[in-house]
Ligand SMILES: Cc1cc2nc3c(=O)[nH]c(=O)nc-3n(C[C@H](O)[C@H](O)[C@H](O)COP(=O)(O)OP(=O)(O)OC[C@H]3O[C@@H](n4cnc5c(N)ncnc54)[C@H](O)[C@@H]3O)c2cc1C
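Listed next as structure tokens is one chain, alone, in the form predicted alone.
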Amino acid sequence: MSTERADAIIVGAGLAGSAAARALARRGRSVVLVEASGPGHRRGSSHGSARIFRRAYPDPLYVRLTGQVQVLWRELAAEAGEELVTTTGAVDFGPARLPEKMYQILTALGVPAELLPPGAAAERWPGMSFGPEPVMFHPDGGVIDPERAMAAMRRAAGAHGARLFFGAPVLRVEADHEGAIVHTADRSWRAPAVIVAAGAWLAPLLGGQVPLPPLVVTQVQAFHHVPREPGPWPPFIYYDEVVRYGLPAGRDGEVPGAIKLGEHGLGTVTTGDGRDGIVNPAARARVGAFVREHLGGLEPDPVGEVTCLYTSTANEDFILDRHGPFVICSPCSGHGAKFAPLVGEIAAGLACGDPAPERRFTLAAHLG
């Protein structure tokens, strides 16, 4: 079997891999993008029509990065000729009192935000019930359409010469004296740099070749609930012992206007190939109880439900670094979708020899 050459090979055509392919191809590099499944598949973490875009974080680093990526999303939308992020504003509330901390961080960094008394918030969003704590609203929040975004990124990559191969599971990757080789069942490629953006399959592919921190893969679930009557439903995050979120579900919701609800960090440990796709009934019951207590404007029984994979680091920071010929691209832990265009630029830079732009995302930082 002959080995073809490229300037860079990307393993995984989810949000991160598709963004990296576009970024590298636009730099004039010869790019091969290899994906185990077909376009729009639902085996990983990037599928569907709804992810939250938010600037609200209790961490100035991520707030700054959301500002950078907001510009890149607009550039991608202009290039694609379609909106990929619908700006609605977003709400943060709950007894953990993080909204007050986030409000201070956002306003200190010049990001528009409001801190509302719960009564004023209830008037603005009558389908939601708030406790005694202040409620934060930031108008830059919204909803990302991952499927359309990935399609737009891959179209752009292809227009700049990238070659895309779907239904081509990578059997192994290995470093050699010229960089690295990527093997599938029927062909191999060699390149000076290989970006591994394989989500739950990253550790199995690179294990033994790159010193990786623990990456925990979990299967999580989301539920689609129908509003009792039309009304404003911005994306929101509820902070308590369990963090819960909601957002307009878009095409995934099965019923027009459905709201997607889920829990952060309460998944079942699994692997990319070992997930069973079965919704946890305890999670369904917990989310239903949350709806009854806090979201009276929604029907408590879901009309649809889906599962998804999280690949998480211990501190929920990303891994974006290079080790030898391998670029480790794991913008993970359930909050990476919003950063996709920026992650693509960072991964492309690492593949071209740039240093890691953020120390917290390096392997050294994760390995202590």
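Start at 1 and count along the sequence shown; that's the residue number. Please read these numbers as outputs of a predicted model, since none were measured by experiment.
Keep in mind that the form predicted together with the named molecule is missing from the display, and what follows is about it.
Chemist: Only one of A337, I328, L65, V32 gets a heavy atom within 4.5 Å of the named molecule in the model of the complex. Which one?
Modeler: In short, A337.
Chemist: Looking at heavy atoms inside 4.5 Å, which stretch does the named molecule contact in the model of the complex, given the options 111-119, 191-199, 277-285, 76-84?
Modeler: Of the options, only 191-199 has residues within 4.5 Å of the partner.
Chemist: Can you tell me whether L342 touches the named molecule? I mean in the model of the complex, with a 4.5 angstroms heavy atom cut-off.
Modeler: No.
Chemist: Can you tell me if G14 lies within 4.5 angstroms of the named molecule in the model of the complex, counting non-hydrogen atoms only?
Modeler: G14 belongs to the contact set for the named molecule.
Chemist: Using 4.5 Å between non-hydrogen atoms, is C308 touching the named molecule in the model of the complex?
Modeler: It does: once the named molecule is placed as it appears in the model of the complex, C308 has a heavy atom within 4.5 Å of it.
Chemist: Can you check whether R26 is within 4.5 Å of the named molecule in the model of the complex, heavy atom basis?
Modeler: No, R26 is distant from the partner.
Chemist: Who in 156-171 is close to the named molecule in the model of the complex, meaning a heavy atom within 4.5 Å?
Modeler: Residues within 4.5 Å: A168, P169, V170.
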